[in-house]
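Shown below, as structure tokens, is a lone chain in the form predicted alone; questions about how it binds or moves come after it.
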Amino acid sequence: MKRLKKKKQNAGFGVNENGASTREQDYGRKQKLAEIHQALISDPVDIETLRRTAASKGGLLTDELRRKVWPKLLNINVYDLPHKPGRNVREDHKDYNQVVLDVRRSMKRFPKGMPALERTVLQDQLIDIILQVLKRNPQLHYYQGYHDVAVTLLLVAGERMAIAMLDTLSKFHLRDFMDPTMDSTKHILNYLMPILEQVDPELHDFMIRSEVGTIFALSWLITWYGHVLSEFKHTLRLYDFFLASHPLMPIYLAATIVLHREKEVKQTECDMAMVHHLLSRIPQDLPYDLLIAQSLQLFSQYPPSLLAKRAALQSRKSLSISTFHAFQLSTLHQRPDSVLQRLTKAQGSTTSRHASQRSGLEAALPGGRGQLWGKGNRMVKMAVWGLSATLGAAVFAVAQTAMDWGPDMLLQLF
């Protein structure tokens, strides 16, 4: 009876199945939207608030917000994005065939019901995005699962933004996965068992006896769970979290998921195949906000520096971990988009003025000499060099004057 009375009293507030007031939820959502907006327009951008809200309950809420916040989390200027790749990006690329195979097999990563033609266009863009990033960073090596990260960025942010974000992620958060061998990836996986040992020694011992190892979590780690989750909204929720966090956070989440399923694991036969079969299949109804909060707590209680003191984690240095502090610092002094847009317009105006002045000079040269000058004709350049050697200081003074009004033109000459 008491329970029914309570339900009646709360009826006017729209109580949902979790017992939380929809009015409170709406208020919390509006408050978060306002907080994110304020952080984005602050100068410099309030990156700490953006990180906190991305990791907090509900994440960044909408794709529109993600398109604004994700670039800030990665220190990307949205008004200075890479150009779309040309067709030459596919020429003579050693990874081209493998990338095409992986992308063609990635149909389930696209929204259900998407027209085939639209999906084909996106898949072509996905191939070009991956090859472009690899071409720009020859020290990086493609791995199967990389496309799962790339497609998430593409679907949210579009082609050019995806290139910029994937480029940054590849040099920082994903860097250990992009070595020629899997040694660095194994090193990251080796953090899993020490976390379990700290929290639940009994579960840890069970898994050690089963000899299951950590390979069941490999696809979780290298795809940021994109390959194993069927609901795109869950993938986006985790990407909000990971983009705002330490590069090792995916492995802390893996430990949290195993701990969450502790009863299931212990009830399974202590056999490698059986335990691997259970753990390699992630339930699709996991309480992600709860698991994220628990992962943050684990990270605070057992930071990587503490876990790394164990012998198994001392043999190799992680590039993702060692560069993360510098990366975090680099994100702290970003200008808001309104300022960046104004600066970009001002820069574009200056460039246009210089181009106009250069065109005027070319038009003033008699008998087609302007065309030769504008193209950087070799004979013209040689003549200038000869004149420089002969007249010395006089030409230098002319050059200094020219630099004041047309630096682009002068640099083109030399």
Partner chain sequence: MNCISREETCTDGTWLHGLTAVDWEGLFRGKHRECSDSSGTFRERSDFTVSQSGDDPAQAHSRFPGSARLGPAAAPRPVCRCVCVCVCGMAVSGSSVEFPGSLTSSSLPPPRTRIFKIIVIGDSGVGKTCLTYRFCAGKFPEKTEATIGVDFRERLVDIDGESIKIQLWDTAGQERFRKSMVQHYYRNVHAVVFVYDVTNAASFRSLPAWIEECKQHALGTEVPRILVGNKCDLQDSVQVGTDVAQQFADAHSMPLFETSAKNPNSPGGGSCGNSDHVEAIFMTVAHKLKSQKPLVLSQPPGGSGGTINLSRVMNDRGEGNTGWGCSSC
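All values reported here derive from a predicted model rather than from experimental measurement. Residue numbers count along the first chain shown, from 1.
Another form exists, predicted in complex with its partner chain; not displayed. Remarks below refer to it.
Proximity to its partner chain in the predicted complex, taken as a non-hydrogen atom within 4.5 angstroms, holds for one residue of 305, 284, 300, 267, which is 267. Out of the listed residues 109, 237, 246, 72, 109 is the one that sits within 4.5 Å of its partner chain in the predicted complex by at least one heavy atom. Residues placing heavy atoms within 4.5 Å of its partner chain in the predicted complex fall in a single listed stretch, namely 140-148, out of 290-298, 140-148, 322-330, 81-89. Within 4.5 Å of its partner chain in the predicted complex, a heavy atom is found for not a single one of 67, 156 and 168. Using a 4.5 angstroms limit between non-hydrogen atoms, residue 136 is distant from its partner chain in the predicted complex. Remark: residue 183 counts among the residues lining its partner chain in the predicted complex, judged by a heavy atom distance of 4.5 Å or less. In the predicted complex, its partner chain lies farther than 4.5 Å from every heavy atom of residue 198.
Residue contact check for residue 223: one or more of its heavy atoms lie within 4.5 Å of its partner chain in the predicted complex.
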